[in-house]
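So this first bit is one chain, no partners, the form predicted alone, shown in structure tokens.
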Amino acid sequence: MGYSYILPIKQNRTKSVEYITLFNTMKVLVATEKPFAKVAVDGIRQVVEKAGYELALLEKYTAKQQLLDAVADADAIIIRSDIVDEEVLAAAKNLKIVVRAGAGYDNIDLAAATAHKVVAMNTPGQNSNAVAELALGLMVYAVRNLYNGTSGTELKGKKLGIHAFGNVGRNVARIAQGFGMEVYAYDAYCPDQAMIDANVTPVHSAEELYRTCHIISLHIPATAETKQSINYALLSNMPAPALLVNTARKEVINEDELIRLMQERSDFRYVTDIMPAANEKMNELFAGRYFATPKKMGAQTAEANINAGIAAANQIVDFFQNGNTRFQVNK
């Protein structure tokens, strides 16, 4: 049965919008090299099929050509960490929207999506509690000396600096306060009052945050402005003993300068769920004060998996039926 909908497509940076009326049965592809949990797929299917659309699954694929073949007739795609680049977009002749089930979206080529008149979205907030809990778990692991049996320290009473006060940062603050930590935050795009309302002390530069706190939790995205920004000069501000926790993005860390700092400061510890390129070297040099998980772990909970997948499906339906582009990340 045919379906009529109005499709808004943002064409350029002037935000002009072209509305195209199409008649079709929508095909929504879930393309996940690392699949959603079954309960999440069932939830996605319920949302998609209730709207009268077709759901297709491409799970555990091992070659890019499989993705290129699968997107050929898809009107919408839901992905996780899967790469949607120019080649994928060129192969997806019917594609109108791609949704990354999660907050980060650096695995989507936004410029190429715009050029192909494809709306790109993320699902902010769906994974935030999972990432926040991991950040606090990494903190406990670090201050207890990676559970090596020696005497560590407690988080209670320690000054925690949250670098970026978005959905994840706010959840980190909430949980950290339960530990009895003294919480500070820096976010150039967040008003002070939002932090004050969360019982967090706002500071007004990254340098001030790092100078104030023994523990820093990173939640900044990987952008042209932030890549390599966590460097020697910034980290040198941290008082001893210092702990940096990164559940954000690998690219924001200047690895060479972090290594240099850790070589100079035996009090400095680094824990992350994004394995650095220099992981082997850092394990050799900094045993006992460096840890990286084998893979990105922030959103790896059953709850986050379900929430993000179903949110992506709902956003696709809302986009096709109501033209809602609230979570669009390309212009």
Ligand code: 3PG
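The first residue of the sequence shown is number 1, and the count goes up from there. Think of the rigid core as the biggest set of C-alphas that the two forms share within 1.5 Å after superposition. In this text, all values refer to a predicted model and were calculated from it rather than measured experimentally.
Just so it is clear, the following notes concern the form predicted in complex with 3-phosphoglyceric acid (3PG), a form of the same protein that is not shown.
Colleague: Any idea which of 96 to 104, 236 to 244, 133 to 141, 159 to 167 reaches within 4.5 Å of 3-phosphoglyceric acid (3PG) in the predicted complex, heavy atoms considered?
Modeller: Stretch 96 to 104 is the one.
Colleague: Just to confirm, with a 4.5 Å cut-off on non-hydrogen atoms, which of 45, 34, 64, 27 contacts 3-phosphoglyceric acid (3PG) in the predicted complex?
Modeller: Looking at 45, 34, 64, 27 one by one, just 34 meets the 4.5 Å heavy-atom criterion.
Colleague: Identify, from the list 262, 299, 282, 40, the residue with a heavy atom within 4.5 Å of 3-phosphoglyceric acid (3PG) in the predicted complex.
Modeller: Flagged contact: 299.
Colleague: Taking the shortest heavy atom distance, is residue 217 within 4.5 Å of 3-phosphoglyceric acid (3PG) in the predicted complex?
Modeller: Contact check for residue 217: no, nothing within 4.5 Å of 3-phosphoglyceric acid (3PG) in the predicted complex.
Colleague: Given that 3-phosphoglyceric acid (3PG) is not shown alongside this chain, does residue 81 nevertheless sit within 4.5 Å of it in the predicted complex, heavy atom to heavy atom?
Modeller: Within the cut-off, so yes.
Colleague: Only counting heavy atoms and a 4.5 Å limit, does any residue of 249 to 269 reach 3-phosphoglyceric acid (3PG) in the predicted complex, and if so which ones?
Modeller: If the 4.5 Å heavy-atom criterion is applied to 3-phosphoglyceric acid (3PG) in the predicted complex, 249 to 269 yields only 249.
Colleague: Does superposing the core leave residue 33 with a CA shift of 2 Å or more between this form and the one not shown?
Modeller: Comparing forms between this form and the one not shown, the residue 33 CA shifts at least 2 Å.
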